[in-house]
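The chain that follows stands alone, in the form predicted alone, written as structure tokens.
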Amino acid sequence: MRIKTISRSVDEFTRERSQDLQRVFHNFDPSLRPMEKAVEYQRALTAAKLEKIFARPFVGAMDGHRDGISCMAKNPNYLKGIFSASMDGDIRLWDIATRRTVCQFPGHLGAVRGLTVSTDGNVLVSCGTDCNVRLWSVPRPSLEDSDLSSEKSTEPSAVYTCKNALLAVDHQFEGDLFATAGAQLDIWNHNRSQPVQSFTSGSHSVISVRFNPGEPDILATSSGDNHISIYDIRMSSAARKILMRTKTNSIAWNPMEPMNFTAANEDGNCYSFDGRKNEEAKCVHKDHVSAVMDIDFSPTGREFVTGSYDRSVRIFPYNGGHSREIYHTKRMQRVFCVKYSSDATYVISGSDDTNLRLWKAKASEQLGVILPREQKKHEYNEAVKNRYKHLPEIKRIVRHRHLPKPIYKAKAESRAMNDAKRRKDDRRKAHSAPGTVVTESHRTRRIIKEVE
């Protein structure tokens, strides 16, 4: 008589300490688990519901300004610092960790319209409607000490005067040059009181300017005559221009793909372009119901955040047509500026109600120290959600967002108008000779022409 027994070593199953986890052996033979997909689907559904339950994106507000926030700037060398400026000329340096003012920069007599920080983080450049460009030394000792009980103020290290009001400023990623936008585009050096180079863009003012993160001599601007221009400061004129149907309020380059940039437009959409091929947009990002005022890319280059006149903040994937997240509060008014934090964990928005607001980039993300088991659990939940995201029930839960009533009504009205226009175009095409009515794609519809 032959008897089969299961023998296991006691050492393999005995815990050394009471805090150790019990070792479990798995047999991954699919025939032993006929309900594996059903179990995974249920886990994905539970993970999608839990994500909604724990979605608490708002972290806190930073108040201290007495007028609407007009612009912001990040310090490339300091994670916790954020600069903000308001329409009454007040400039402040904030500590994001404590949400308090570290330093003030008084001096501007009008609205501050542009802020930027040099690559080494030592020089802050500001400009405004008082026709002045001011250079400030960033106070390093106060940055390292976050327990300051009193606000400090500092004096500008240099003041340069222009002939016209200035609307934007941006600093070169490598070098000592910075550009100001106003009646014309001026290129400045830190040590010179006059522009080293100037570009004129016709009779309309330049609204925004952004240097390319990969090529230090390339910059993009938008102007009031609906043009988006790409300049090479080694040349005497614009290298390329795009004429849009509506005005572009802000531009942001993708930090991971420096040949691509995204334009925030007055028609409520954002348009992503390849700088080498501008006759059509790579992607049209639609969801806002009013003008998009500002845009900023995540350091990872996979997402960007937008702030709009419709009093909402949205986060878009860089290649997606619709936003994955919308942030809004009852008190938040028109959003004029937005920034991603340097570690891509937070989003900062500045609005017309004098407040800066701090949001989580991922609404349900757990902050603080996460244990390895928790991290693996989060990654597993994300993986099963991604695997079953196309199924109707999970798709509905993941996509659902509560919208403010004005935005909800405006979206319904816009949808009805677009449907009516589409029906009209279809009927015109059906009752016309073949080939006489050409339907334009949405990527080219808002672009009039490209000028080399």
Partner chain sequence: MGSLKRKSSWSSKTLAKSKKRKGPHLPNSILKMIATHKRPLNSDDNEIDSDVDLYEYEEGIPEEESRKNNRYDRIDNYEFKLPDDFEDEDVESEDDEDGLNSEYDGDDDRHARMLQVLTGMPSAAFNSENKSKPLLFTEPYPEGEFNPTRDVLSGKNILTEEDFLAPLEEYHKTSKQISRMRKDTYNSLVHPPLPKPDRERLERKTARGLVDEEFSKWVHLVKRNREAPTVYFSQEVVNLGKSTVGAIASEFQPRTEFEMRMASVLNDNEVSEAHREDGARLLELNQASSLSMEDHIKDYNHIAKMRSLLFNHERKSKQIKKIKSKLYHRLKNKGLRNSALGALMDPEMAKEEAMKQEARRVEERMTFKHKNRGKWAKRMVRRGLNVKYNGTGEAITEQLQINAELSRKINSLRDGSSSDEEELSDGSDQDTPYKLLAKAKEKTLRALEDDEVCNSGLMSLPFMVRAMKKKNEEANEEAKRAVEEYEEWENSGGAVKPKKTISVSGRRVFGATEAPKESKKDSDNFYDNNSDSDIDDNDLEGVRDTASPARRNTGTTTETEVTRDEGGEDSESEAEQMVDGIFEVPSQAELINRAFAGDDVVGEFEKEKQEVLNQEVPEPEKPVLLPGWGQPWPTNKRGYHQIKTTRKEEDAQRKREEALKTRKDFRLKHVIISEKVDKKAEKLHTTTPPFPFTSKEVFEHSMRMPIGPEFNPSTVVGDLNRPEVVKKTGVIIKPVKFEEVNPNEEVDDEHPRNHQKPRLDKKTSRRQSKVK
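Take the two forms, find the largest set of C-alpha atoms that superpose within 1.5 Å, and that set is the rigid core. Positions refer to the first chain, counted from 1. All figures in this text were calculated on a predicted structure; none of them were measured in a lab.
The discussion below concerns the form predicted together with the partner chain, not included here.
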| item | value |
| --- | --- |
| Touches the partner chain in the predicted bound form: Gln172 (any heavy atom, 4.5 Å) | no |
| Thr345: touches the partner chain in the predicted bound form, heavy atom cutoff 4.5 angstroms | yes |
| Partner proximity in the predicted bound form: Arg43 to the partner chain, non-hydrogen atom cutoff 4.5 Å | yes |
| Close approach of Ile448 to the partner chain in the predicted bound form, 4.5 Å, heavy atom | no |
| Contact stretch among 185-193, 275-283, 108-116, 86-94 - heavy atom within 4.5 Å of the partner chain in the predicted bound form | 275-283 |
| The partner chain: the contacting residue among Asp426, Glu36, Asp67, Asp419 in the predicted bound form [heavy atom, 4.5 Å] | Glu36 |
| The partner chain: the contacting residue among Asp176, Asp232, Glu374, Asp225 in the predicted bound form [heavy atom, 4.5 Å] | Asp232 |
| Triple contact flag Arg245, Glu266 and Lys339 to the partner chain in the predicted bound form, non-hydrogen atom at 4.5 angstroms | no |
| Residues in 182-215 close to the partner chain in the predicted bound form, defined by a heavy atom within 4.5 Å, in order | Asn212, Pro213, Gly214, Glu215 |
| Core-aligned C-alpha movement of Thr14 between the shown form and the other one, 2 Å or more | yes |
